[in-house]
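Form predicted on its own, single chain, as structure tokens, below.
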């Protein structure tokens, strides 16, 4: 397991006491002593998670005006609203570590900060909205359920609330796809096409093999990650493969099989594609950042108005 490097001024005794607390299952809170590297890793991880929720509103939000019924429209509006709220919870959790909202947002808008690679794929049909709910939210729940038990209290508690809401998103997506898979030939074809395009990106979004993940070692040592990326991916496959097959869909993996232990084993993942998207070369990387920058610019007057309201004089407040 990766041995952490002490920052200037930190002592081995402090680190030992910190790690002993984690081993006892205690939560680390914002005002507790923590290694600088623990703080840095959490800021990176939580802010990236928050960015993913905010950017994740875009591929689904684009379909609000094109939803096939009022019921589906209201469901999708509620889901996108939930994702905005998840971003708020997570930005607040990151702020407890001493970073400002402005710093995090600037890092996103400049392209310096990362967000989940899955959101750099386009939503081409209405079935994509259901498949995102079933697969993407399903994969997210597997990861977020693990993080609900992480060692940092504010992050852990945010995950409890987020997981409860993501569960509804997951069920709604599954309900949509199962309905289309049992519908007309055109609906079945639309559902299968969506699965063909989202299966592998959903597998990739759970992260590279831990041997190729530079941060996994220290995150595991400090109780932020309780399972490896491959363990979470296996849980995701074991749950979703039988359900997709039961719905009458074909999983786009010719090497997929079930072993003697009942685990479903997947074929090779195209990690070159994953790293290309992470590095900004996905189908929608440029459009996603342009959309977030445009929204930020257009909302400047709201932030200015709020600041003016907060800075009003006592006389102005009394008027």
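Keep in mind it's a predicted model, so treat the numbers as computed, not measured. Numbering follows the first chain given and starts at 1.
Omitted here: the form predicted in complex with a small molecule. The next part is about that form.
Each of 140, 155 and 225 is positioned with at least one heavy atom within 4.5 Å of the small molecule in the predicted bound form.
Proximity of residue 215 to the small molecule in the predicted bound form falls within the 4.5 Å heavy atom cutoff. Using a 4.5 angstroms limit between non-hydrogen atoms, residue 79 touches the small molecule in the predicted bound form. Of the heavy atoms in residue 251, none are within 4.5 Å of the small molecule in the predicted bound form. Taking the partner from elsewhere, residue 167 is found to have every heavy atom lying beyond 4.5 Å of the small molecule in the predicted bound form.
The stretch that touches the small molecule in the predicted bound form, counting heavy atoms within 4.5 Å, is 204-212, out of 187-195, 204-212, 242-250, 67-75.
With the partner removed from view, the residue among 229, 145, 96, 125 that has a non-hydrogen atom within 4.5 Å of the small molecule in the predicted bound form turns out to be 229.
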